[in-house]
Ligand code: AMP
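The chain below stands alone and is given as structure tokens, in the form predicted alone.
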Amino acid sequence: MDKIYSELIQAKKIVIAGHIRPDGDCVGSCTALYQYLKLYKDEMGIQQIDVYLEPFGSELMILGGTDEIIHSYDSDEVYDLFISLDSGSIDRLGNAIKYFNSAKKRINIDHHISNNRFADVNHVVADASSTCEVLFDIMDENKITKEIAASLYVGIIHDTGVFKHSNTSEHTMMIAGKLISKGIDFSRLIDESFYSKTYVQNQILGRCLMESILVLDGKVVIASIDRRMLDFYQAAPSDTDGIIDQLRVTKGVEVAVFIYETKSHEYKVSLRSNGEINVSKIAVFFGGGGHIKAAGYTMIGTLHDVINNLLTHIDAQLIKQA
């Protein structure tokens, strides 16, 4: 934290950015840090704080500060300090990479085990449940407002699946309790940001579940969606959130796979593990990253190629366990 603080007090213009296709932890951590640093603007002499993120689901607009996030990357602004949140590698920053490259100093705050420490200052806690958990531990607890607490809480519940994933620790639950003590409406935050689905989202989920397949003796479940289906439902990639988690709870399944087409012959692959399969190892092999039980990557080719290449790696790990 001393290194982070020393960079903050020297910066007049700060930019915060997260990964492409931002999820709850990404948006939660970015809005939490944005609101937190605003409290210190006068004390530290900060003149400007900007947040850049790709568009995300409307369910996360419940968080304070989301209306001030910049979604376009037209500006050629040069910042004193770039803070990367929840990004395991520099390529995950997407179009925000130009601000990373031009910034005088760069900080990387994350919790992915596959993080390759790409900044000047790297604060990566691989056993933390979320980047929001990492942020809580470096913030002054007394300075955390109700709005900041809401952002941190949402980030934690999204990356822990509302505290049911194996990355949930005693420390995670302690932090959640402290955030609740700030007066947040935690039930509403859970329902509206995590469980609430639109009619279209439910239709897509239903299609994916009906058309899913079991392979490798029922140990792997796979569902996919192509651009035509997304276009038919006039849906965005964010409308597929939650599908992988529903696949994961299929009885007898060790690995759940969800694949969706981002553009012609380009696919985003999400992986979840229930057993001993290390999906992070697989994702890293294909240029992605994540955690032992939750990871993802992007792959070029046909859907047939994507599935066959992936299953080769899953099967190799299953054979070692046999």
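From a predicted model like this one, the values you see are computed outputs, not experimental measurements. One-based numbering along the sequence shown.
One more form of this protein, predicted together with the ligand, exists but is not displayed; see below.
Peer 1: Only one of 69, 63, 33, 294 has a non-hydrogen atom within 4.5 angstroms of the ligand in the model of the complex; which is it?
Peer 2: Only one option qualifies, and that one is 294.
Peer 1: Quick one: does residue 248 come within 4.5 Å of the ligand in the model of the complex, counting heavy atoms only?
Peer 2: Output for residue 248 is no: heavy atoms all beyond 4.5 Å of the ligand.
Peer 1: How about residue 273 - does it come within 4.5 Å of the ligand in the model of the complex, if we only consider non-hydrogen atoms?
Peer 2: Contact check for residue 273: no, nothing within 4.5 Å of the ligand in the model of the complex.
Peer 1: If we check the ligand in the model of the complex, which of the residues in 38-63 reach within 4.5 angstroms of it by a non-hydrogen atom?
Peer 2: Residues within 4.5 Å: none in this stretch.
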